[in-house]
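To begin, one chain is listed below as structure tokens, in the form predicted alone.
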């Protein structure tokens, strides 16, 4: 087992990793920018090292500075959390070259899954269901038009190195294709330094379903079931739950078996999330894989009682799956997570500043993952997520009722947050009835006059 782990992240996920390490008896090193000097991860880690000014490029994304901090503090491993350097294969390679274990998959697997079209082709080769689309990278607008005619409009053009909805365009007819192709290519090149595009059939009103897996170094891959992630705005998730009301036990078992087989053959190791779109007929289609812990991992933890971050650390240390999980996965109840962002709930504009009052809710079945506190400052330089409110109930109705009352009792003053938006979503009859897809938020905002 590791003696000391450096946490290459900040905010709530850094604190979450510190909690897991404390329970495993592992010492921790927090890195921080000058803007995060008074953060809770700095306070609760065993050691803390300032790695630069507030700007991401000069601190949390500065690989030489992060590796130097790891070497100075003599750590055995690095946990990257999510975002930032978590899916940077070069970072993982530098860590391994420095004899520091990277808590994640091998760099070559991270690189493979980071190129969406290659990941799509690889998963198809190993039997995963995928949407009809182009084979390989689109070489030109003309090739894109040929594939679109074969697949049938509407289609969606995507950045191969993409994420977060950037480098993505929906094309409904051939006349619009040249302009949208150029726009997607330019946006992808600017965002990711890679303008490669591929194409898929576009599903008008899909549900977004993802499966959580764990994999050891000996070829054993286990699926922990799915999360429903359809409540999102501009491809950014707002609320997640587990299980999905649309995934039957038979489908859950079938997809779990496909993923276990395919990812074992690929050589995947550690935690990962496989994302699917669900068509109106209930079929699932692979779209991409995230080679890290997800923001929404707590809903899976709540219904399986598996600590995913501790599992990541144990798997990275070479533990076998049977000693990590101690038996088969059993799902109990229903869990929901609301992402509480420091944003105006109607304009969705960032809201940095000092928190003047902070009272998180509690009670049976309520969990808060946050690094925020009263008198703490939300800096303007980073992601707007400040807290994750997670609840578990015996069924979805109880989970919805529990989340509604928890949101009502969650006090954050001094900045705007998305708590009012979540309260309205939880009160919406269609949401309560499970009648939603990835277009829900747009329709909801139009209905409530906020769009």
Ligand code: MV4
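Positions refer to the first chain, counted from 1. Note that this is a predicted model, so its numbers are computed, not measured.
If you look for the form predicted in complex with the ligand, you will not find it shown, but the lines that follow are about it.
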> Between the options 307, 87, 288, 187, which residue brings a heavy atom to within 4.5 Å of the ligand in the predicted bound form?
Replying inline: 288
> Quick one: of 208, 111, 331, 339, which gets a non-hydrogen atom within 4.5 angstroms of the ligand in the predicted bound form?
Replying inline: 208
> Heavy atom to heavy atom, is residue 202 within 4.5 Å of the ligand in the predicted bound form?
Replying inline: yes
>> Contact with the ligand in the predicted bound form for residue 232, defined as at least one heavy atom pair within 4.5 Å: yes or no?
In response: yes
>> Under a 4.5 Å heavy atom criterion, is residue 317 part of the interface with the ligand in the predicted bound form?
In response: no
> Is residue 165 close to the ligand in the predicted bound form, meaning a heavy atom pair under 4.5 Å apart or at it?
Replying inline: yes
>> Check for me: heavy atom within 4.5 Å of the ligand in the predicted bound form, for each of 158, 277 and 438, yes or no.
In response: yes
> For the chain seen here without its partner, which of 269-277, 247-255, 362-370, 343-351 has a heavy atom within 4.5 Å of the ligand in the predicted bound form?
Replying inline: 269-277
